[in-house]
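Only one chain is given next, in structure tokens, and it is the form predicted on its own.
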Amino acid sequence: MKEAAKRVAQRLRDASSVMIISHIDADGISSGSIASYALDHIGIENKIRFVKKLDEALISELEAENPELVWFTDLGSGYLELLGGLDVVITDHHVPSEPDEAEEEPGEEKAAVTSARKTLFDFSEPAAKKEAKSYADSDILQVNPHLIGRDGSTDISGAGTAYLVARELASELKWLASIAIVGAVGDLQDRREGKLTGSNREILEDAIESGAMEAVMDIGLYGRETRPLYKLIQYASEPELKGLSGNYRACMRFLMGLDIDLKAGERWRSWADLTRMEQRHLFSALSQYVPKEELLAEIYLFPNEKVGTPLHEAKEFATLLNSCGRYGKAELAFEVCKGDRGLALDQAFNLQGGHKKYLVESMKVIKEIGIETMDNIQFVHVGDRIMDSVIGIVAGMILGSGSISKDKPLFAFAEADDGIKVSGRSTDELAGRGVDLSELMGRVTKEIGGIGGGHNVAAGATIESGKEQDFLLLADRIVGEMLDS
């Protein structure tokens, strides 16, 4: 990807102004922030726009605006057919549009992908099969791990590909690697191994070398900085603490039996508030519920940020960004990424508080509606009771909570302004057995209409209202085929 990043960087240097288009999630906001900061640094005028998705309406607007150059970050690779009227570069990690057959050696790097595709809804094969395919040249320069046979759900994030370009624009910007790590953990790229691997590992080394980040082995439960200890344990899902997770009373009994003060004055203490001795004591007690190796994970810290705040740890930093983006305030998170520690940060914290409450209420809505099952999948339709921009997060939380089966992928439907949003969530185990939700979304939307894509364990689509049953029947059949293959 280094050569591709060099070519994209050169194209950016040749422009006098750039329009950045990025996604609204943590990875997209991180990506856009890296792109904008790098362009600011080398004196190139730029504007940024955050979007839920890339579609024909957005492209029509951009064509009318006629920007000199558009830089798509964390999106674009799956929609090359739409981009013919624009001068663009892409840094993305989602599955690209269907590759052409070729005789080149697997893994040979290309900076671009052909725009001569069948339709918008043709998608590529699973990442595991990509090494048998390569890509033809075109006018569109891209940095994307799939182009060299790597898995974009684990090897590198959208923010990571943007960082590779930023590093080529100005080598002194290595500290931006720390923002790329926020994007990576926001997309759960460390989940499979309990740490970042592949290209993410190289980016992490840059972040550490710059002094902007530290990596430590510590408890892997989410919320180490800000969650009260009882919530840290109560909401634990990866790993699940059987007998404690989901049970407030059991968590309080467990903690009261330890020689640890749960409060400092009127404030509940978090993991980050504990002394090292207290942390070791609590960790040892928790290891009675789950093996120590499952409790441990590599944690990514910002040493220059205040301990006990979301900005001190990458996963909580990512949640802060998501809290803004999912409620139409991505620009606030963008300013935080670029260094605002004043009004933008205060407003972001306020949004995060509302986001947490909304997620709790959304979980209750899904439990109230109930999960339905088919032969190979499970699903829920929430109508307009949960925002379409948040339904994917909630679906992932439900699947990871231990309250439903993990043997079948989950599809959650929610009403959106332009149809029905479908969010699919699966597991690494199912992916290992051949289930690829990105491929599934492409195949289903090609058949019934709509647009979709993503990764093997997390993908989304927008379909026409009334076609949910058609979607489910096809999805159930395709998952069955994937499991049998």
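The numbering used is simple: start at 1 and walk along the sequence shown. The structure presented is a predicted model; accordingly, all values stated were derived computationally and were not measured.
What follows is about the form predicted in complex with a small molecule, which we do not show.
The shortest heavy atom separation between residue 423 and the small molecule in the model of the complex is within 4.5 Å.
Put simply, residue 461 is close to the small molecule in the model of the complex: some heavy atom of it is within 4.5 Å. At a distance threshold of 4.5 angstroms between non-hydrogen atoms, residue 223 is out of contact with the small molecule in the model of the complex.
None of the heavy atoms of residue 408 is located within 4.5 Å of the small molecule in the model of the complex. Screening 239, 392, 402, 228 for any heavy atom within 4.5 Å of the small molecule in the model of the complex leaves a single hit, 392. The single contact residue among 79, 300, 271, 334, judged by any heavy atom lying within 4.5 Å of the small molecule in the model of the complex, is 79. The stretch in contact with the small molecule in the model of the complex, judged by heavy atoms within 4.5 Å, is 449-457, chosen from 58-66, 449-457, 427-435, 31-39.
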